[in-house]
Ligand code: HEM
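Starting off, we have a lone chain in the form predicted on its own, written out as structure tokens.
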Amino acid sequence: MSHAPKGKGNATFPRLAGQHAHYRIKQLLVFQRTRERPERSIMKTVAHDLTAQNMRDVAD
């Protein structure tokens, strides 16, 4: 599972290419801290234990 080659997105996963780091961090925080996303979604699981530094690293 992935966001497609070079982060371009596909029918299942959104585009990451061209998104600003602050947007990606915001989305990771939404998955980690809110109930806005389904509890068993892949990204809720991925984001669950990320630290702030992890999020900055991933976003960059």
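Everything numeric here is computed off the predicted structure, so don't read it as measured data. So that there is no doubt, residue numbering starts at 1 and follows the sequence shown.
Note that the form predicted together with the ligand isn't included here; everything after this is about it.
In the predicted bound form, the ligand lies within 4.5 Å of some heavy atom of residue 27. The closest non-hydrogen atom of residue 17 lies beyond 4.5 Å of the ligand in the predicted bound form. Not displayed here, the ligand is approached by residue 46 to within 4.5 Å at the level of heavy atoms in the predicted bound form.
Although the partner is absent here, residue 56 lies well away from the ligand in the predicted bound form, with no heavy atom inside 4.5 Å.
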